[in-house]
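The form predicted on its own is given below as one chain in structure tokens.
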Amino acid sequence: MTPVLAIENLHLGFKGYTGYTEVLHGISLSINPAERVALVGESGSGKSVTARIILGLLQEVRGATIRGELRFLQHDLNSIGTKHWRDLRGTRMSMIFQDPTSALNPVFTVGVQFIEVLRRGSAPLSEAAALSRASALLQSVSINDPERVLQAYPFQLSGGMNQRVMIAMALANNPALLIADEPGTALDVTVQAQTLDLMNQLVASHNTAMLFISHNLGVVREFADRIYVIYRGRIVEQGPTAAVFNDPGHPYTRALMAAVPRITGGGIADIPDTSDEFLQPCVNHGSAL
């Protein structure tokens, strides 16, 4: 099976006042059609920055150096050019950002922004048709008064409401790749479950490949087909989700799981800031497919 997304030996570094600092060290991962892949690790481990490279949001940042192979639907993303990359964003690939407040434009209504997203799709839409489609998408993420939300500005909505708007926009054009960066952070448990169900439907009905970035190992265990564990910019363990959770082979993976609070109580293990033990070679459990 040809992957929707394939990354090989990805390195990212920044040139600053004190010299060159590398933050990603040889990341390799792939996602097949209709596959849900999770990327997990502590804050600052390199999850979100990897997602931004996939979307082409760091390639023009001054001082950033990116090396490695990135292929999306057989496109070599390193050679397609800025315009082609922008054409892919919001149509063939989309992202649900962790902070919807900074992702939405505060000077335009939700409706205006939604229409812009829908018109980036392949089929031309009138304003009335786009608003009707936007209303249906908002209802699918448990927004019961979509007309009011479409007329509102982002600052007039709660954080959870803005998050649901972002999720609906990301799903609007049925992308081939959906990147979800902590999509349930601002949502209550019930709406979070509904959102994950909606993503599951998209994966199943449109063969969408999904990269799911999350701190919530409980959700990851139930939702993901495969998992990559990242530590300080390195993939330290990968494989089918059940295999990684049932038999974690890397010391960092075991430490990460030991740090999860349990309903039965008991002590929560601390993860050290640095550990030579965590720099062991990557543990590979094989492919899920």
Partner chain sequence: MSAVVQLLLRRLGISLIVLVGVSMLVFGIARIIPGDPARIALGPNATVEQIAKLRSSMHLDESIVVQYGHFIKDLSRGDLGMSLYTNRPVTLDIAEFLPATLELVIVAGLLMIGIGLPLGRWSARYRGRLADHVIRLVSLLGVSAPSFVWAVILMLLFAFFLPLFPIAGRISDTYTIERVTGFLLVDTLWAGNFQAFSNALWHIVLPAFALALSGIGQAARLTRANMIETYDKPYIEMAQAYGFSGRRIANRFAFKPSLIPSLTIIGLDFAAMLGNAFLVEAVFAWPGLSRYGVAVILRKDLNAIIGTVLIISATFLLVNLIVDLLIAFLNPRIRHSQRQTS
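Numbering follows the first chain given and starts at 1. Everything numeric in this text was worked out from a predicted model, so none of it was measured. We call the rigid core whatever largest set of C-alpha positions still superposes within 1.5 Å between the two forms.
Just so you know, the form predicted together with its partner chain exists too; it's not on screen, but the next bit is about it.
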Q | Which of 203-211, 127-135, 67-75, 147-155 sits within 4.5 Å of its partner chain in the predicted complex, heavy atom basis | A | 147-155
Q) Any chance R62, R86 and A170 all have a heavy atom within 4.5 Å of its partner chain in the predicted complex? A) yes
(Q) I need to confirm a contact call. Of L55, A243, V37, I230, which residue comes within 4.5 Å of its partner chain in the predicted complex, counting heavy atoms only? (A) L55
Q) Wondering, does A180 line up within 4.5 Å of its partner chain in the predicted complex on heavy atoms? A) no
Q) Any of the heavy atoms of S142 lying within 4.5 Å of its partner chain in the predicted complex? A) no
(Q) I'd like to know whether N174 contacts its partner chain in the predicted complex, with contact meaning heavy atoms within 4.5 angstroms. (A) no
Q: Verify the contact flag for M95: yes if a non-hydrogen atom of it lies within 4.5 Å of a non-hydrogen atom of its partner chain in the predicted complex, no if not.
A: yes
Q. Comparing between the shown form and the other one on the rigid core, is the C-alpha shift at L77 2 Å or larger?
A. no
(Q) So, superposing on the core, is the move of T91 at the CA at least 2 angstroms between the shown form and the other one? (A) no
**Q.** Rigid core superposition, L157 Cα moves 2 angstroms or more between the shown form and the other one
**A.** yes
